[in-house]
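Only one chain is given next, in structure tokens, and it is the form predicted on its own.
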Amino acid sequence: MIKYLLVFVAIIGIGYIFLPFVMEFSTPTKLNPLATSYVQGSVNELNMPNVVTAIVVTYRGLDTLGEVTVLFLATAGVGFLLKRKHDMVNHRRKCSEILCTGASLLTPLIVLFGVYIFAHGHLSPGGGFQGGVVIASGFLLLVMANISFHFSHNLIHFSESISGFIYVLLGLAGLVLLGANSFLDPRYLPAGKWLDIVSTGAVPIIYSIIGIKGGSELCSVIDSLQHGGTEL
């Protein structure tokens, strides 16, 4: 009885905390100064139609660097938690012919779609993380369909490491070429023509590197799930 009473009191307390947000809510009629600066800057300074990309890659690029680091730590954590003995028997059974055939047909298309997403992230909804997840989902389908498929661990680790290294170099290029407070500032490359694939400075390169980095780390997670963390 006391347990239910405490739960009821907790619900009432949470409701009381959020009550002002509900009672005082009003639909804004204009952007706040920070949002206005982001919207105007993405068009006038970066020549970029996707404001979200402008914020994630440039104005708050250090946050994105932190997110990439968190994803790397999560990958290492999955491998550590799933680590087991090498002599454990894999009891997976062979997939159906429909799944094997479908995976062989769809995986290249899924990977191509993932590349399209992060290559066009500066022009349309999408970006590096989204494209990397799509690419990893394609390899996950292949792993589920074919138990004889194995990742190249050296290739995964190399692409993961080199993409992270290049990402940091691209950020430092802004500091070197444009001065202080210019980490991940893409304007050291020409802005290009509005809505062209090669435009918005270095943003397409940065987002492509983020896509490769994210996809490699998620593929590493899939590889750890496949082998129980022994190959991390």
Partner chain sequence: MMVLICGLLLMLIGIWAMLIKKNIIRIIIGFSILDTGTHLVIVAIGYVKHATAPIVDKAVNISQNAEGGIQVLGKVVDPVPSALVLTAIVIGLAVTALLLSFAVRLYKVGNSLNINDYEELKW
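Numbering follows the first chain given and starts at 1. Note that the coordinates shown come from a computational prediction; the quantities given were computed from them, not determined experimentally.
There is another form of this protein, the form predicted together with its partner chain, and it is not shown here; the text below is about that form.
Contact check for residue 71: a non-hydrogen atom falls within 4.5 Å of its partner chain in the model of the complex. Using a 4.5 angstroms limit between non-hydrogen atoms, residue 82 touches its partner chain in the model of the complex.
For the chain shown alone, residue 179 is not a contact residue for its partner chain in the model of the complex, no non-hydrogen atom being within 4.5 angstroms. Its partner chain in the model of the complex is not approached by residue 190, whose heavy atoms all lie more than 4.5 angstroms from it. You can rule out all but one of 168 to 176, 55 to 63, 182 to 190, 198 to 206: in the model of the complex, only 55 to 63 has residues with a heavy atom within 4.5 Å of its partner chain. Residues 25, 27, 28, 29, 30, 31, 32, 35, 38 are the ones in 24 to 38 with at least one heavy atom within 4.5 Å of its partner chain in the model of the complex, listed in sequence order.
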